[in-house]
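Next up: the same protein chain in two forms, each one alone, written as structure tokens (structure 1, then structure 2).
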Structure 1
């Protein structure tokens, strides 16, 4: 390795605080912004060393390690992972799931099957199909798509972050920094947690810069980043992660035998 560390993340409002200062804090980091679906593949292919990937992709790979203390999580409502439905939960017989995030898609299935005991038919909703045309009872949308879809005819809008926390009492973790096996981050190791602090301290400036592009109020964007989304990966988040893994595994949505919490440990990498 030439000392460069190739890091990939998606470029959404909620990832901004994590990547804002990353390359300043660790100049050896080379940051690329990509589509969510491609990040996990690039990490698997060795095209990236570290990726901010959906939690389900982390389970599926089963061999990555976590950067400590950093995640993208909610502790209640998240507002941007929403199941729109024509009928109440228990009556949902068919559901279309946004392929944009398999983590949220699995969460929707866990809620439907494990919490509400339904067995709906599941189909995927490709990114390029307008959600307004969907014929299923319910449709899961994420991100901006969740907040910008009009969807007349859908009487219910269920916030999955809120549903999860109301049910389990735990935070829900959507994404983590995953390190490809065998990668030595060296001095860049601590940069991720420091970048989080740096980015959050500048949430106001990020909001003021990004809000006009999003067509939103800067104050709202700032509150969204500092109050709705939580970026820690503490004991409560880890418990949420473990719980989510157990449910996903039981439904066959994640492989068996994954040890969920595997931290990136530079000392072990070095001793190899």
Structure 2
């Protein structure tokens, strides 16, 4: 490494509080923005040192550590992960899954197969294809795309954050800061937690800046970041993370034998 720490994050509204002051707090961080699924690929390829990646990719890789105390999670409705459906859950025979997030795509399959006992045909929904053009019974949208969507042709709109918490009683964790093995964050290690506090203290300013680009009300954006999304990774979030992994592993969506491991400096890493 040349002293730079290459960090990738998602360019969604729910990410803004985590990156608002990140490069100011740690100037050695070089930040780039991308889709969550692409971030996971770049981290796996060594193109990033740290990525805010879908949690299912953390488990699929099985060789990362995570930054403590920071995540993107919900404790009920999340508003930005929605399964629009023409029929009730138990009657869904085909579903199109937004390619933007693999965690939410796996969550939709967990709910369909494990909770509701259905095995629908699954296809991908590319980013550039309008959801209204899809002929499947249901379509999963995530992020800002889901927040703007109405889809009047679909009778049902299921919030997957709400569905998860109603079912398990636990928060749902969508993304974590994952650190590639062997990376030494040095003085930047504490910047991720400090950036969370810095960004949340400026949620009103972030909302006023971002809302016009999203076509959303600034007050709605502020409430979304401060009341709907939770950025901590405490004991309840970790319990939700472990439960999600257990379901994903049982369905073959994640490999066996992966643990949640906090980041340590490489010279302090213990055997996994």
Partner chain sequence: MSATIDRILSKAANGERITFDEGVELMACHDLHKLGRAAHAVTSRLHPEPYRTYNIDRNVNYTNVCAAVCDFCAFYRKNHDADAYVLSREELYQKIEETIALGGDQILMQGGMHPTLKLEWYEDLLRDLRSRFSSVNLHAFSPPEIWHFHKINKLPLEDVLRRLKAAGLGSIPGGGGEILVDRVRKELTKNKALTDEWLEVMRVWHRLGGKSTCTMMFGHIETAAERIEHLDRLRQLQDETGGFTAFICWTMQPGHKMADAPAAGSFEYLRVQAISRLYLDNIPNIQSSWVTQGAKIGQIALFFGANDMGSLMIEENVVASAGTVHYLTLEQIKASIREAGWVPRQRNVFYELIDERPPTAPTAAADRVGTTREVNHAESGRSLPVVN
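Keep in mind it's a predicted model, so treat the numbers as computed, not measured. Residue numbers count along the first chain shown, from 1. Between two forms, the rigid core is defined as the largest C-alpha subset superposing within 1.5 Å.
It is structure 2 that shows the chain in the form predicted on its own. The Cα position of residue 37 differs by 2 Å or more between the two structures after fitting on the rigid core.
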